[in-house]
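First, one chain by itself in structure tokens, the form predicted on its own.
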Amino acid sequence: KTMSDVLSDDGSINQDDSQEDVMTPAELIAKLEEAWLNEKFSPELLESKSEVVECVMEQLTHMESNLQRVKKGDAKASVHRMEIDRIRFVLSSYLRSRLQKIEKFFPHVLEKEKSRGEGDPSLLSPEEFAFAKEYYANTETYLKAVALKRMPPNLQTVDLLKAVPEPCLDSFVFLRVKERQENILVEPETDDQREYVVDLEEGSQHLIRYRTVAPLVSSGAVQLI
């Protein structure tokens, strides 16, 4: 059987009844893998893909149900189980990467979420937002109990936005171009260099500063690898 056969009997997912966009199970898993690699290799926390996560979890439940109907000893059962385990690994790794970034950059993540414009995609899922707020509050409580209350009165406050380092957007990333891009402005790496413009051809791979391509990662025009 193909992955689509393994994942679903009808071979399609309608993510929103009000929309006509229909995604096959194989396309859904590809979306998850793309989000996973981008999150794994980007220095900053990316937009939440909670809808993809929810759909994948529903599909895993469906796959487990299908697996229960396979006869014992059927060779296909082990193949189906391996695919389920692989998808669970990707999903867990994706969510773990996001939680690690939230813990590492929590004040900046919350500030960015708070300052996003109306209609802009959410950086955090509701569960991640609750986790980030609780992590922030617990960190403040811990600092006050362990250190700040023993400091002079004028030093008993701390600005976590200044105390916690921001993500390094100037780090370099590998990427594969999914959609051709023209006139991408590349900043100089040394003082004696000038800015220059490059075209990114579809299918080409590059090593480039993350800040330069961050909007292209968000739009899906490039894939981090």
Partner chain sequence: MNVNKVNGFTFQSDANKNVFTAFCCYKPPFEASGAAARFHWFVLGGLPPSDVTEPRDQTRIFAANVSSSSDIFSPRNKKFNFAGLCLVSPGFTGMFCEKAVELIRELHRMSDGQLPAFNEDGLRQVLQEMEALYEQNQSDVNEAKTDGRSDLIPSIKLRHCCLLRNQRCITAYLYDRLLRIRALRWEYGSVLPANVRFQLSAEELQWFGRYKKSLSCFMRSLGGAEAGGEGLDITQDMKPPKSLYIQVRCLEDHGELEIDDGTVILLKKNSQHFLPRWKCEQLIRQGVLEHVVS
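Owing to the predicted nature of the structure, the values given are computational and were not obtained by experimental measurement. Residue numbers count along the first chain shown, from 1.
Although it is not shown, the form predicted in complex with its partner chain is what the next lines describe.
A.B. asks: In the predicted complex, do 88, 142 and 152 all reach within 4.5 Å of its partner chain through at least one heavy atom apiece?
C.D. replies: Contact check passed for all of 88, 142 and 152.
A.B. asks: By the heavy atom within 4.5 Å rule, which residue out of 158, 46, 198, 169 makes contact with its partner chain in the predicted complex?
C.D. replies: Checking each option against its partner chain in the predicted complex, the one that comes within 4.5 Å is 158.
A.B. asks: 57, 26, 184, 70: which sits within 4.5 Å of its partner chain in the predicted complex by any heavy atom?
C.D. replies: Exactly one residue meets the criterion: 57.
A.B. asks: Any of the heavy atoms of residue 120 lying within 4.5 Å of its partner chain in the predicted complex?
C.D. replies: Although its partner chain is absent here, residue 120 would stay clear of it in the predicted complex, with no heavy atoms inside 4.5 Å.
A.B. asks: Can any non-hydrogen atom of residue 96 be found within 4.5 angstroms of its partner chain in the predicted complex?
C.D. replies: Answer yes; at least one heavy atom of residue 96 falls within 4.5 Å of its partner chain in the predicted complex.
A.B. asks: Look up in the predicted complex whether residue 112 has a non-hydrogen atom within 4.5 angstroms of its partner chain, and give yes or no.
C.D. replies: No, no contact at 4.5 Å.
A.B. asks: Give a yes or no for residue 81: in the predicted complex, does one of its heavy atoms lie within 4.5 Å of a heavy atom belonging to its partner chain?
C.D. replies: Although its partner chain is absent here, residue 81 would touch it in the predicted complex, with heavy atoms inside 4.5 Å.
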